[in-house]
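Below you'll find only one chain, the form predicted on its own, shown as structure tokens.
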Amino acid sequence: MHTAHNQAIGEATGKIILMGEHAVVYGEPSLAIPFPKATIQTTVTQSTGPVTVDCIYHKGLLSTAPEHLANLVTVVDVSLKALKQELKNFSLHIISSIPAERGMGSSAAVAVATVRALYNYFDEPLSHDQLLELVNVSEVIAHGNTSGLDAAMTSGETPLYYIKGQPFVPFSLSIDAYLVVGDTGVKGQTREAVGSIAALMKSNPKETSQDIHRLGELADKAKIAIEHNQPVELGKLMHQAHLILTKLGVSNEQLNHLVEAALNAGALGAKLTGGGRGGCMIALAENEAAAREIAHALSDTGTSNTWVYHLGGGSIE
């Protein structure tokens, strides 16, 4: 087969859940935003023979990739079938600044970047719908049922409001504030956090249901605060959400410690983001100087990495 290029690149970004994590499982709304500070780039290069991959987790034949790269193996497979191309004569090189298993969408982002790179390499046009379809197929094979939220977030530039089983609703990030993201350096224990809520649902259904519903209300109010440029209000809502998530057993000592450090450093609000019990936390700051101060406080308290992101006006370094 002739290929149009001897090398091609595909890119994807990370994502952050602002509000509604965990409650979204129970039919409550959630808010997610693209996070272009963390990116993944896949490069496809012409070679001879079996397909090889070079990434942080594996260097060698794609066919001998470890189990946790199942989604990569799968997405290459489904993409090549769609392209009617064979699994040979190219190599994959993946560079990522999205930490894995922190709720930032790294597995979907790898898939998005890889599909884009393969379509560029074989010089075939790729619609956004087709991209999402291929990524979601591979996500389902690799992770079981998926909402498609990560695929939509890591491939797009629009914040999304999401209720399970309903279409994504784009909303405008018209808030002039800064988001500081702090990585605990520890993989999130999503399954344990989900289990904690499920157990509380059994032992104390009434109160737990109220807490879950409250998280949904906070997400709805947060969307309004964002659309009306009310950072102080958003900060309060974020903090209230964190307290409920803590009560539900989704947080842990390290996350609470970082949230407290952010608040002490002047954050308008702070909370965990994503699966919980590890992973990342986020803090809201009114301006860049305040954001830098919070980032320093988080580093001093023990984050492995921090990012500062201007919500209303694209990213800053």
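In this text, all values refer to a predicted model and were calculated from it rather than measured experimentally. When you see a residue number, it is the position in the sequence shown, counting from 1.
We do not show the form predicted in complex with a small molecule, though everything after this point is about it.
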Point to revise | Single option in T190, T208, S91, Q240 placed near the small molecule in the predicted bound form, where near means a heavy atom within 4.5 Å | key: T190
Point to revise | Partner-contacting position among A100, I95, V194, V186 - heavy atom within 4.5 Å of the small molecule in the predicted bound form | key: V194
Check your understanding: V25: heavy atom within 4.5 Å of the small molecule in the predicted bound form?
Key -> yes
Review point. Are any of the heavy atoms in I17 no more than 4.5 Å from a heavy atom of the small molecule in the predicted bound form?
Key: yes
Review point. Even though the small molecule is not shown here, does G269 get within 4.5 Å of it in the predicted bound form, heavy atoms only?
Key: no
Revision key, fill the gap. TL;DR on 38-46, 251-259, 271-279, 56-64: the one with heavy atoms within 4.5 Å of the small molecule in the predicted bound form is 271-279
